[in-house]
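Okay, here we've got a single chain as structure tokens, the form predicted alone, with questions on binding and movement later.
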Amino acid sequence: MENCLFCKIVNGDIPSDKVYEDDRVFAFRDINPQAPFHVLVVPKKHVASVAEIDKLEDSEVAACLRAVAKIAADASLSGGFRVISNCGPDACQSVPHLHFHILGGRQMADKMA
């Protein structure tokens, strides 16, 4: 999508601190980290959110989740990590491109909200 921030990052038009890339997925460090380890995993194909996940092939969704597991393992987040995908304005989704936050490197709060 032409004006999508994450599409521009995936295409290399905007620099990022890339952590992982394959033919379907791109992952980079969040510029405003909420934990010591905070990486965003995005499908290369533009989809606004989980609400539109049917626009992705099952293999593209699986590639995102496999990337999450690989990135967490590579970062030695053996004590655990949190995976979050905000969906829509009420969930404070700030960029309308499906993305998964990987948060780790510290004990997470027991409440999700």
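Everything numeric in this text was worked out from a predicted model, so none of it was measured. Sequential numbering from 1, following the sequence displayed.
One more form of this protein exists, namely the form predicted together with a small molecule; it is left out here, but the text below deals with it.
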* Asked: Hey, in the predicted complex, is residue 38 touching the small molecule, heavy atoms inside 4.5 Å?
  -> yes
* Asked: Does residue 32 reach the small molecule in the predicted complex if we count a contact as any heavy atom within 4.5 Å?
  -> yes
* Is the gap between residue 101 and the small molecule in the predicted complex 4.5 Å or less for some heavy atom pair? -> yes
* To do: Would you check, heavy atoms only and a 4.5 Å threshold, whether residue 94 touches the small molecule in the predicted complex?
  => yes
* 7, 11 and 61 all contacting the small molecule in the predicted complex, non-hydrogen atom within 4.5 Å -> no
